[in-house]
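The chain below stands alone and is given in structure tokens; this is the form predicted alone.
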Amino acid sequence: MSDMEYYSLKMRASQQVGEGEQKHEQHISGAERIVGRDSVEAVCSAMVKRAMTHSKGDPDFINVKIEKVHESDIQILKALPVTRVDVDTWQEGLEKAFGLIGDAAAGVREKLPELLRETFPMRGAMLYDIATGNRLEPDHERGVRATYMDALHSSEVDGCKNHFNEAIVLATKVANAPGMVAEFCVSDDPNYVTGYVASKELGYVRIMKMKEMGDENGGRIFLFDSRKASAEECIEYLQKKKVLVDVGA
């Protein structure tokens, strides 16, 4: 019996901003899915629509990549359990997140505000080694991106972004990477203020306010322990392993 035919779909949209030597590419929107053959066309169309109607502006460049994936190469993971934390202010939300990370990774708590600021201009996540205090991304500007993932049995082709569903899929994959201790995330979407902290032990802790509405700054930190695995193993898993996450009903 042959594998079911799956395809990895990735969309990235950007625009040129600034003038002369200050001109640079600004990320507008990104998305990725792993879907069956019959859904490829509809999902690609939805991705392009999402890029063209994003709150960050009109893109100058949209790239859609379609890649065949064999079912036998896909790992199925159970979604992390979810906890919701309501707070009155974004400052309170950040403090709660910093505290949870501090419990998961001793000695990191006081460094987190500075590390978070360093992630603001990055396109991917920071990979921070709690054993040495070093950053381990091969390219500090690009960072490390977790890719090749989707929700199991997902058939949604709506062009609208579902922050929660996408985040729980990403957080579950990241938590299962070799040597991973915890993840800290604040969205860079100016219209989305919810963030999260996640790990195998904590589950997915959704903190409902972690920045001011309208703030375009956001970042992602992967807290890693080089005593448990090599950075190469971790990055290989994050960037290459195909994962479908069972998010339940």
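We call the rigid core whatever largest set of C-alpha positions still superposes within 1.5 Å between the two forms. None of these values were measured; they are calculated from a predicted model. Each residue number is its position in the shown sequence, starting from 1.
From this point on, the text means the form predicted together with a small molecule, which you will not see here.
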How about Val169: is it within 4.5 Å of the small molecule in the predicted complex, going by heavy atoms? no
Heavy atom to heavy atom, is Met122 within 4.5 Å of the small molecule in the predicted complex? yes
Is His163 near the small molecule? Define near as a heavy atom within 4.5 Å, in the predicted complex. yes
Val186: touches the small molecule in the predicted complex, heavy atom cutoff 4.5 angstroms: yes
Answer option from Ala175, Leu116, Ala151, Ala146, heavy atom within 4.5 Å of the small molecule in the predicted complex: Ala146
Which of 103-111, 138-146, 87-95, 72-80 lies within 4.5 Å of the small molecule in the predicted complex, heavy atoms considered? The stretch 138-146
So that I can tell if Lys200 moves, could you say whether its C-alpha shifts by at least 2 Å between the shown form and the other one after the core superposition? no
Taking 2 Å as the cut-off, check whether the CA of Arg50 shifts that much or more between the shown form and the other one after a rigid core fit. yes
